[in-house]
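Okay, so here's just one chain, in structure tokens, the form predicted on its own.
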Amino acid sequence: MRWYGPSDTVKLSDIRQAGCSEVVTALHQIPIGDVWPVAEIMARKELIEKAGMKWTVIESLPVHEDIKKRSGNYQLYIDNYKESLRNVASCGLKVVTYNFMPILDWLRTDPFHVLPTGARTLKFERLAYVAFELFLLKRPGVEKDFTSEESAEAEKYFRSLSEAEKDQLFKNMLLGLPGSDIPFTPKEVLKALREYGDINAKQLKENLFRFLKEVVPVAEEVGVRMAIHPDDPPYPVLGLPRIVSTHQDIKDIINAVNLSANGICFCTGSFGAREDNDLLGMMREFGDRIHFLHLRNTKRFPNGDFVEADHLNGDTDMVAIVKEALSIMDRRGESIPMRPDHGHQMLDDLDKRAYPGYTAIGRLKGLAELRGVESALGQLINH
């Protein structure tokens, strides 16, 4: 399971009681772009080992915005990244997860959507997103991104909201901003977006390739595997390009630096939010470069909405996904680290404050379901 460190409301003892043998975490206290010191890495590793578990997968080692834009101090931050890779390798860590999403790590219009059961989940509502863009953020030139029908519906929707609901929508949309426990203003967000004004998908992808050409050889040399996380959601938002969303994107990334250390974090939730992604086909083609698995399910709707579903009940055939993962591991002769990604806020966790998707009980439920699938498939394969 993922753990956000000593300040996480989910304790290491909770994770161990769930039956986990390892923890996925990161040094969130280190400013993005700074080198991860060996002393800090070892302190975190020893804390986890004292709790009876291991730490071999980092999620994540963030990429500084200057690297993505290839501006400012980007070369310094690339050099720092390479030094961090050497340091984590010297401490015995094996996988480094990262993403190349501009500004936002993820985007949802309602991270606390109430299901019919009373549990809460994360939701992306297309109409709410359009209303945010047009009437709250007011991004210059945004009108061209939507049809006149969408704009009219969004205006009607926006007028139906109370002031408190409008404020909550604005806050929800910015939760994917690093450091977004600090209130951001529309002016600050628009400034950040303007810095990407001249960067299209082709340029952003080229900036990623240049980054990989510098850092992947270091990762290969020190025995660390790089696992890029797909875009969430896997299509353009807020006028920002997306370059890790499709089968072709992954193929381009792997071909850019054809070393075994250059791989992916295969997130079934992010890839699964696009109907045109063939998840099983992607796993079969890129199986040798899947260095980390996020098992999560989404339910898509024709109007562009999607919600985080139960692990076994969304649009993705999770049984088939786990079966393919077992096949890949058998062929490779090694285990691929995997975790239940996200979980519903439910039961006693409804009264607790936690990072959206990362309460304990919902993830425990997902973990139990996935373990059951893995165990049953394992017995069928062995017989």
Ligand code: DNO
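Just count from 1 along the sequence shown to find any residue number. This is a predicted model, so every value here is computed, not measured.
Omitted here: the form predicted in complex with the ligand. The next part is about that form.
- Residue in contact with the ligand in the predicted bound form (any heavy atom within 4.5 Å), chosen from 99, 245, 84, 298: 99.
- In the predicted bound form, at least one heavy atom of residue 294 sits within 4.5 Å of a heavy atom of the ligand.
- Under a 4.5 angstroms non-hydrogen atom cutoff, the ligand in the predicted bound form lacks residue 158 among its neighbouring residues.
- Shown alone here, residue 106 lies within 4.5 Å of the ligand in the predicted bound form, counting heavy atoms only.
- Mapping the unseen interface onto this chain, residue 55 falls outside it, with no heavy atom inside 4.5 Å of the ligand in the predicted bound form.
- Picking from 323 to 331, 341 to 349, 37 to 45, 66 to 74 the stretch near the ligand in the predicted bound form, with a 4.5 Å limit on heavy atoms, gives 341 to 349.
- Taking the ligand as it sits in the predicted bound form, the stretch 51 to 78 comes within 4.5 angstroms of it through a non-hydrogen atom at 59, 60.
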